[in-house]
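To begin, one chain is listed below as structure tokens, in the form predicted alone.
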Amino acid sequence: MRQEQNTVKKNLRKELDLIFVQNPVLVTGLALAPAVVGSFTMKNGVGLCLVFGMVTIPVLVLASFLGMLPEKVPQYVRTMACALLAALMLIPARMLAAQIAPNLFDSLGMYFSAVALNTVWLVRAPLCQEKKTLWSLWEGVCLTVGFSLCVMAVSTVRELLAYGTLWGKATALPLKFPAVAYVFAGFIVVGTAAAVLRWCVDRCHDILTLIRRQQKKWRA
């Protein structure tokens, strides 16, 4: 029983790491293109998060089910099945996202369709074939949360600096920098956010290491 509990805690910790320590955009660089190209307003950011979650979560769950198939089923067949589901999920995702961010699809262009083949599920789906369905679902949720935190932070900063607005409403910011809405500025903002996250993770690791050392001294 204790071993099972430790295994569950270990797996839970690994999945939660996908939010910050292994963030799909800021750390591993997966799904970087749509996160940079479309995240220049908060509405676009929400639309991106919605589309990403509606594509990634079902695909990872499907990958878990495909892992139950006989080994004779080739890997490329499993990948094609995941790609087909991802493409189909873009249809309802687009309909829902259009209610929030009508300009999202014009700004993303071909990158919107690329969300169906985003490198997040292409990398994680083979790993989910070896996991139970519940863990694959939880992994998809964690990946979506990590992606969403990154995209919303970046889109908020870019909208504020570029247009002086938040969710389309004017703020008291006296200066505007329209160039921040361009793609090159998106890479700069994402790169800065990645550096900040890396610094925070390193500092947290140092603090935890120090606490563990102190605990060992007290026990001795």
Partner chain sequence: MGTLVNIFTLLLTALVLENAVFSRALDITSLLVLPFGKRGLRLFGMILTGTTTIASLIAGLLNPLLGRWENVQYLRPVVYIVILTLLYGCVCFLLNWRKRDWFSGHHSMITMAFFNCAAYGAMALTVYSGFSWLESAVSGLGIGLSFLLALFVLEQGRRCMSICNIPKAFRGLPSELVYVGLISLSLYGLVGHQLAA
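Computed from a predicted structure; not experimentally measured. Numbering follows the first chain given and starts at 1.
Below: the form predicted together with the partner chain, not depicted.
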Quiz item: Quick one: of I100, L117, L137, L127, which gets a non-hydrogen atom within 4.5 angstroms of the partner chain in the model of the complex?
Solution: L117
Practice problem: Check each of L66, M54, L161, V190 and return the one that places a heavy atom within 4.5 angstroms of the partner chain in the model of the complex. | Solution: V190
Exercise. Flag R94 as yes or no: does it have a non-hydrogen atom within 4.5 angstroms of any non-hydrogen atom of the partner chain in the model of the complex?
Key: yes
Practice problem: Give a yes/no on whether V59 approaches the partner chain to within 4.5 Å in the model of the complex, heavy atoms considered. | Solution: no
Self-check item: 4.5 angstroms heavy atom contact with the partner chain in the model of the complex for T28
Solution: yes
Self-check item: Contact test in the model of the complex: T79 vs the partner chain, heavy atoms, 4.5 Å
Solution: yes
Quiz item: Counting only non-hydrogen atoms, which stretch in 167-175, 46-54, 149-157, 33-41 is within 4.5 Å of the partner chain in the model of the complex?
Solution: 33-41
Quiz item: Which residues from 160-199 come close to the partner chain in the model of the complex, meaning a heavy atom within 4.5 Å?
Solution: Y182, V183, F184, F187, I188, V190, G191, T192, A194, A195, R198, W199
